[in-house]
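Listed next as structure tokens is one chain, alone, in the form predicted on its own.
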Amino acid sequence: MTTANQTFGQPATSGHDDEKLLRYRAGQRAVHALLATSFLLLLFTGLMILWQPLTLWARDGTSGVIHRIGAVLFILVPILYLIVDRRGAKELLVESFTYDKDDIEWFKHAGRYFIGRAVGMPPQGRLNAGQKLHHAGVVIASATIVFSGILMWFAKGSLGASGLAFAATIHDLSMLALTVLLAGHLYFTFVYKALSSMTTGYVSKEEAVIEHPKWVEELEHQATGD
């Protein structure tokens, strides 16, 4: 069982072909689960309000209550992250908006990665350039969702018709962007069979060397004290 204070890359086994590296600590996996759960609650209850075939389910107001519950959980995500793994939260935020020349080269060959060919891609750190862009998009879209949602929830009466319409548009477009990002996330999870990394926290060292060689090299340097 992993704990929130375990070091990234801590081996789970001592073998060669089956050696595992710790990629996601327990706290990070809990935050990921809360983010996924709260987002799905927001998405499906929001569709009940906006999409005509589902509006019947929203008539008794239950979907609105569930939507607000999902909103509270969604807002709690970054707060929980800071509580259970402050270091991990800071690292994720910084890495998501930091790009180097290898990342630029990675984007030039992103088509290969898209179809599942990670071998031979430009060397990457703990997050590849695509993952950085995905996380950055999630951070920005989540911020606009929360801000516009709070305005519609608590300042609805003072926004006026045009202000309310603008906030609703920003809210809906942000949810659309986050939904597209989710679809991409699920696609790459399937292509690279990455679900187990979030459920167990560990990844194969062999696969990590292929996809994140700079990260593995950094871990080895830390282990040897270089």
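Since the model is a prediction, treat every value here as computed from it, not as a measurement. When you see a residue number, it is the position in the sequence shown, counting from 1.
Keep in mind that the form predicted together with protoporphyrin IX containing FE (HEM) is not shown, yet the notes after this line are about it.
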| Is there a heavy atom of Thr189 lying 4.5 Å or less from a heavy atom of protoporphyrin IX containing FE (HEM) in the predicted complex? | yes
| Hey, in the predicted complex, is Leu80 touching protoporphyrin IX containing FE (HEM), heavy atoms inside 4.5 Å? | no
| request: Determine whether any heavy atom of Arg23 comes within 4.5 Å of a heavy atom of protoporphyrin IX containing FE (HEM) in the predicted complex, and answer yes or no. | output: yes
| query | Would Ser197 show up as a contact with protoporphyrin IX containing FE (HEM) in the predicted complex if we use heavy atoms at 4.5 Å? | reply | yes
| remark: TL;DR on 146 to 154, 129 to 137, 100 to 108, 115 to 123: the one with heavy atoms within 4.5 Å of protoporphyrin IX containing FE (HEM) in the predicted complex is 129 to 137
| task | Could you tell me which one of Leu40, Ile49, Leu173, Val65 places a heavy atom within 4.5 Å of protoporphyrin IX containing FE (HEM) in the predicted complex? | result | Leu40
| Heavy atom within 4.5 Å of protoporphyrin IX containing FE (HEM) in the predicted complex - the one residue of Ala165, Ala30, Leu182, Ile69 that qualifies | Leu182
